[in-house]
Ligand SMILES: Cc1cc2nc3c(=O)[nH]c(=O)nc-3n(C[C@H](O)[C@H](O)[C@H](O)COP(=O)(O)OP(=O)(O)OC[C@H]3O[C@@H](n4cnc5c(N)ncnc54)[C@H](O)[C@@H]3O)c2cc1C
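As a starting point, one isolated chain is supplied in structure tokens, in the form predicted on its own.
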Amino acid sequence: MIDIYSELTAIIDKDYVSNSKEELYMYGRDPGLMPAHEPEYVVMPTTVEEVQAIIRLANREKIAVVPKGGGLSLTGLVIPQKGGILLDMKRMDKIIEVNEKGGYAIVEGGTTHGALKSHLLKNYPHLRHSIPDSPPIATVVANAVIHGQGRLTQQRGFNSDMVSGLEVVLPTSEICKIGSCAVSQYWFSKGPPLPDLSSLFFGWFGTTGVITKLGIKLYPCKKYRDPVLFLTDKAELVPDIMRKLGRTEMIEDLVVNAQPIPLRYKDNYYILFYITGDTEEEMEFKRKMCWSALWDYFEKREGGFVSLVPEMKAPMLSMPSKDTTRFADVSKGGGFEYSGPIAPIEKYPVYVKKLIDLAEKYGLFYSSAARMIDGGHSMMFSFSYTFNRADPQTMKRAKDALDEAAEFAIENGGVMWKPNLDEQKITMAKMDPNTLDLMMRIKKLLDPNGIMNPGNWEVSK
């Protein structure tokens, strides 16, 4: 019988291969509510060739492989549902190139958003990328794989829309370049004018390959950046407020917050948006355009702008935002999770009502941060609930609330973002059967032995 551990240590230095119970325990769970399941081995490669060798071994022995970035999705996407080899990418963390004139960076599969941000601040302070509101250890690749969002989402779409090229180790171990880098030495496009194959790897949760390099677009870092806060107590007005601000084409980001504490938030909806510019004149022009777009609500006493002193602005300007981590410990148990449907912004009033109804039904503390995407073509709405990780009953109530929220969201026009296994099943049951069949055929074609993160996007036999 083959000794998988010995085979792995023949590929990677033994200091970076483990089957110890302590380490398998840590890699078998994430901060969310999905049940734990441990891998049999953990490996930390540093080269593409090592990744290829591991994939070849896994194919030969028909053993699962789960690629892992920061492990921050909260929805169990890198919990090894069928054991196998956990491929921790954190040692593949080089920033390979910053093409200043071309406006992109090339990073390895384990490079974090924090590292890229620091590198740009030090060496290219006039350039920036779209930073998600997650801890700095979130990886650039994993965030793109789950169609993550960042501070440029309102203008540019999902962070996966800002990818400019890929290098992927396929489930059959071949290296494949996707986009302009397949033909040119420049990583300026993930698809057009070629057929866009990048969608074979985004949203698939590591079931179609291991991304070892990624090109990410960079954008001007404006001299000025200012948060603006608009308040209303009428949920039914929020979609039109979002739409009117989006149509100005003056704002960088927009998030609508709803939560009961601090008390000034209770029964109110805080629309936080950002304007940026290179001159004070540009900032003043954009500010006036936004004020003008919302002035009718002010005159009708249906809403108003909130004055922000510098002390209030400081946390709003931090990237990533620290609000998520502060919210996570409201229940003093260190736990929170959210279901996050992507949906038309017109659904905001019914979603926020359901958010509050579920909190009352299950006795939970709630919060929601709805982010506008791509100028208002859609939004991400988060049904967020906290729980005490030492209290199984509270965790069960939170899980039941999130399951009900997902069912409700899908029945009301939403599509689940980074869905957990249960939400994937709900999604596939709702999906057009021919679309689902096409997805399964693509998966089978790319991964004939079914080794890549099995359990995800999987049809029950």
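From 1 onward, residues are counted along the sequence shown. Every value quoted in this text rests on a predicted model; they were computed, and no experiment measured them.
We do not show the form predicted in complex with the named molecule, though everything after this point is about it.
- At the 4.5 Å threshold, heavy atoms of Pro349 stay clear of the named molecule in the predicted bound form, well away from it.
- Put simply, Gly215 is far from the named molecule in the predicted bound form: not one heavy atom of it is within 4.5 Å.
- Taking the partner from elsewhere, Leu72 is found to have a heavy atom lying within 4.5 Å of the named molecule in the predicted bound form.
- Interface residue remark: Trp417 is counted as part of the site for the named molecule in the predicted bound form, having a heavy atom within 4.5 Å.
- Judged by heavy atoms within 4.5 Å of the named molecule in the predicted bound form, the contact stretch among the candidates 431 to 439, 54 to 62, 417 to 425, 393 to 401 is 417 to 425.
- Between the named molecule and the residues Ala105, Ile178, Met89, Ile85, the one pair within 4.5 Å by heavy atoms in the predicted bound form involves Met89.
- Site annotation in the predicted bound form: the residue of Ile275, Leu355, Leu294, Val145 reaching within 4.5 Å of the named molecule with a heavy atom is Val145.
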